[in-house]
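A lone chain, given as structure tokens: the form predicted on its own.
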């Protein structure tokens, strides 16, 4: 009877470990339908970010299933009762080299796979009207808000009619928006999920950032770095408008600077 119990225990444990990769793969397959992956991409480089994400997910998934398969085999192979004397070993240098070399090669593959995307997004800013020296806007993170500043008509950020807005950022669609990201106090992180854009705002640094939204709409902006007790408050919006709508909005804000609160 004890042998039967031991056999049933081994089978039960093996089945439970088999169910783990099965459920994992099933969740992976159904994730897009259940909306567990990233939200819809609306930026020009979002597909490249998603491609890297899926590459790494497949690599991790295949490794996970393979590891679980080996684990189930070892459970069934070595959990039998055996009255023979145990054979002790201090390990295998060959095996250790193999399981060190394989992850190292995978990491090298990931490193080279992402170099062109990293260069495109973080290093080589796009050619266009706006540059790191002549940005579309400045964005400041501070405890606990986001503030954006638009230059005056002469593209000067210290002029009289510089527009400043808290939490709400307005940009035109299909435009390569280059902006300077700054922090006024501690470390923050500018994160717009639907743009696949995430960049830390580091105190003392002016960091050039860019994106190109391909669809009009309003998109969530959050701080992805714990920055203090009011971290949860740093929830803004990026409003992507048609070019004429953006021009009208900006002109209206400039006129409001000189209105003295009146409607005339």
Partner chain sequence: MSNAAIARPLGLDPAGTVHVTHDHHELGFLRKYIFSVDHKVIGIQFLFTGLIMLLFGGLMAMAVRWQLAWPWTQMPILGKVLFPETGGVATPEGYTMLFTMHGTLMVFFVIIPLLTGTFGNYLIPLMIGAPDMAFPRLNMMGYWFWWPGIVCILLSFGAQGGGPAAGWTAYPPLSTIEAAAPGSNWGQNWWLLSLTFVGVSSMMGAVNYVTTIVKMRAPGMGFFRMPLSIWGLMIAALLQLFALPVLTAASFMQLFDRVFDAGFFTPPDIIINNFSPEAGATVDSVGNATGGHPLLWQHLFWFYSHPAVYIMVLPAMGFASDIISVHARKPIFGYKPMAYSMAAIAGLGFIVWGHHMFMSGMNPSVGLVFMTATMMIALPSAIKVFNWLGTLWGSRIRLNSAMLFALAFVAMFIIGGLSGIWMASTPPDIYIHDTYIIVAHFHYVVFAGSVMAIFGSLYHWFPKMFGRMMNETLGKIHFFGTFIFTNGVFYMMHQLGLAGLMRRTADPYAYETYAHLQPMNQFISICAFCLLGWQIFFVVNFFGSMIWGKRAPRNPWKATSLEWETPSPPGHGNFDKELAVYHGPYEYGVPGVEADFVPQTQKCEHVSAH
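Throughout, rigid core stands for the largest set of C-alpha atoms superposing within 1.5 Å between the two forms. Predicted, not measured: the structure shown is a model, and the values here were computed from it. Residue numbers count along the first chain shown, from 1.
Here the subject shifts to the form predicted together with the partner chain, a form of this protein not shown in this document.
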{"item": "4.5 Å heavy atom contact, residue 213 and the partner chain in the model of the complex", "value": "no"}
{"item": "In the model of the complex, residue 246 touching the partner chain (heavy atom, 4.5 Å)", "value": "no"}
{"item": "Partner contact for residue 158 in the model of the complex: the partner chain, 4.5 angstroms, heavy atom", "value": "no"}
{"item": "Contact of residue 74 with the partner chain in the model of the complex (heavy atom, 4.5 Å)", "value": "yes"}
{"item": "Heavy atom within 4.5 Å of the partner chain in the model of the complex - residue from 168, 164, 174, 185", "value": "185"}
{"item": "The partner chain in the model of the complex - contacting residues of 191-209, heavy atom within 4.5 Å", "value": "191, 193, 196, 197, 198, 199, 200, 202, 203, 204, 205, 207"}
{"item": "Cα displacement of residue 32 between this form and the one not shown reaching 2 Å, rigid core superposed", "value": "yes"}
{"item": "Threshold 2 Å Cα movement between this form and the one not shown at residue 110, rigid core reference", "value": "yes"}
